[in-house]
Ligand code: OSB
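Below sits a lone chain in structure tokens, taken as the form predicted alone.
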């Protein structure tokens, strides 16, 4: 179904996290998130820009995404007729980088198309292989090992099927040793967020004894060659995250044997169209994938659920319950996880949840409506 985007509304919200979240590059207490609402024929679609507050995960950050969307992406999309949301990314493809900003708008257009057709978002993107999503959790660096163990116990008791803990120099081997001692049988992985160098390979190799599912992105955010050398030294699979921004890079990494698993994040690759291409490349090489999280609101969380229905998402992802992060979410019915660690994929039109307009207005700190001159 062809559509013409008549209006784009940018909205920045601020929400405090229920508990701080710490990675190797800092601690986050609250989120500044840009939401994108696109309108055609009186119907709105929603997307979320997953960039962080600072340019630490990658080069994007919230305050920089706003002018990029307003001044460069929106003018190239407004008033243009699209046969499908799959064409939206091409309109801004000549803009170098800024994939999270561009991806937020692209995802909104997929949601719009699904709502115009009256079908679930997962169906619009060609998903549906999974009607329930297996859920894992990501636990940040804590103030003490005991605090970490307590959080893991809470999540295991809640039914989550995989535990990911953030690691960094000084918070790695001995911490994981204590976790394994307390929880010998859980599916466990470590996420380094690029905190190590190839010269640290012996330290990382020491993690082999703990039967981890994977070590996620141990080396630099833009590094593939060194990951290949490191993987050859490790028994534990390396999962690539930050360094995979396109299907082409995924193909290169797989060809070089730089990792055995890929984490796909919608924002990092610029939206659904490229995420599907990365998925397809990995599938063709028998490389499993899973969906990573970026502390999203319910809108971004729902988009991740739809993505996770593609067939090669065979490992538990970071798509967890709203209540793990937010006292109140921006959707009227929060994302919930069953006692056995599953999310049932919603069947309603679009991403399957309704936005809570009153609450959304209460946490909005700025907004701007863009129309074609």
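Positions refer to the first chain, counted from 1. Computed from a predicted structure; not experimentally measured.
Below, we turn to the form predicted in complex with 2-succinylbenzoate (OSB), even though it does not appear here.
Heavy atoms of residue 138 reach within 4.5 Å of 2-succinylbenzoate (OSB) in the predicted complex, making it an interface residue.
In the predicted complex, residue 274 stays away from 2-succinylbenzoate (OSB), with no heavy atom inside 4.5 Å. In the predicted complex, residue 329 stays away from 2-succinylbenzoate (OSB), with no heavy atom inside 4.5 Å.
Looking at residue 75, you'd find every heavy atom of it more than 4.5 angstroms from 2-succinylbenzoate (OSB) in the predicted complex. Taking 124, 295, 262, 299 one by one, only a single residue has any non-hydrogen atom within 4.5 Å of 2-succinylbenzoate (OSB) in the predicted complex, and it is 295. You can rule out all but one of 202-210, 279-287, 248-256, 160-168: in the predicted complex, only 160-168 has residues with a heavy atom within 4.5 Å of 2-succinylbenzoate (OSB). Annotation for 2-33: interface residues with 2-succinylbenzoate (OSB) in the predicted complex are 21, 25 [heavy atom within 4.5 Å].
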